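The chain below stands alone and is given as structure tokens, in the form predicted on its own.
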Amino acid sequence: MRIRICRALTVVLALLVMYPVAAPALDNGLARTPPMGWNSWNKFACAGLNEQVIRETADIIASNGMKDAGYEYVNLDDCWQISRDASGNIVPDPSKFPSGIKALADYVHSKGLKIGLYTDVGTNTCAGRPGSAGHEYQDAKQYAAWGIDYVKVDWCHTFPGQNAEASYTLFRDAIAASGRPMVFSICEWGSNKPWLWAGPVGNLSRSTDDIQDCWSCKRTWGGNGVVQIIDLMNNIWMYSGPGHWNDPDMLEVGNGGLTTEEDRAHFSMWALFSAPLLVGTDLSHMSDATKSILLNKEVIAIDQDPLGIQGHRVKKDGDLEVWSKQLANGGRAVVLFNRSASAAPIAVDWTDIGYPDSISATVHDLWSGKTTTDQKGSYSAQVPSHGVVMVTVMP
């Protein structure tokens, strides 16, 4: 009996090493799976943001299959606001939003979608618009009155020595006091290691600097390419789960800086990360290739898996890598990832993903649709340069 107990404890400890218990998550009933939607910044930035763009985007999402695929948030990023009135209330830019935010929120809601806004815990936003420092409760109350469903809060123009955890906790409490449920997105760029404290504070927290529309680049002024972000996400996977998600930033799929293979790899890895899927392209000019990537429901299902475990790297051989994510049905999602300049074969052994090598499994390719049954011990595929093969493995 003692031997059996010891063996059982050994198995439990081994599983805890492979799949540690995540930190507590914000208990506001929201974001039990990663949020999905659209954000204005990556394509429209400050100059291109206006009421017409938001209305047209909501129309497209509601009618082109994106809503049915799970995309639900239409989020305004920086530059929707212009000033504060004599009472300190935040004022939308009348040249960009002549109908006001309440009317815009009502329109988005009429499409069966939800709407988000952007602000900052500093005195100003990154684009120099009014921030929320000193106005946290006032702003949250105003957002609630407008019918806002999602709030992204940046980290520009903060005070010297300002404490990130305290600042975002204050904003969390302001949202709670507003009386309206709102997804709370912390955006302090991973500067203060939010994975260590942001679980009970926000529904998602940015884990990296801003994404750039490139495969592998590092700007001198800040920002990361897709590959740099993938590397940064690997070691923090145990801090993510239902109610709180590590956020590698918004999607660049369709913006032109990546090839179609790179776009597909980008989307696959974000899904494996259980990352928020916030599209950042102009949906009115979306190519068929971009649409086919963003609407791949099998890949989206990996992102939205209810177990909510973030995938991580399990094997690396130079530029050839294997990443894996445990799924609620007992299977695994696996990405064979080729960072190199040439196509190459990549293999995953069952022992790499927590299975004994003696089992047979069904392997299903989420991009080609090909299914292989009775696969024993391992699976191998030719992977294109800067590309992926993404499969599910089910014993």
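Because the structure is predicted, anything quoted here is derived from the model rather than measured. Numbers for residues come from their place in the sequence shown, where the first is 1.
Quick note: we don't show the form predicted together with a small molecule, though the next part is all about it.
The candidate spot formed by D213, V253 and W270 lies out of contact with the small molecule in the model of the complex, as no residue has a heavy atom within 4.5 Å of it. For the options D154, D149, D303, D139, the residue carrying a heavy atom within 4.5 angstroms of the small molecule in the model of the complex is D154.
For the options I236, I309, A127, M182, the residue carrying a heavy atom within 4.5 angstroms of the small molecule in the model of the complex is A127. Mapping the unseen interface onto this chain, R172 falls outside it, with no heavy atom inside 4.5 Å of the small molecule in the model of the complex. Taking the partner from the other structure, the small molecule in the model of the complex has no heavy atom within 4.5 Å of any heavy atom of D263. None of the heavy atoms of D319 is located within 4.5 Å of the small molecule in the model of the complex. Using a 4.5 angstroms limit between non-hydrogen atoms, D78 touches the small molecule in the model of the complex. Here the chain stands alone, but in the model of the complex its contact with the small molecule, taken as any heavy atom within 4.5 Å, falls in 119-127 among 99-107, 293-301, 119-127, 309-317.
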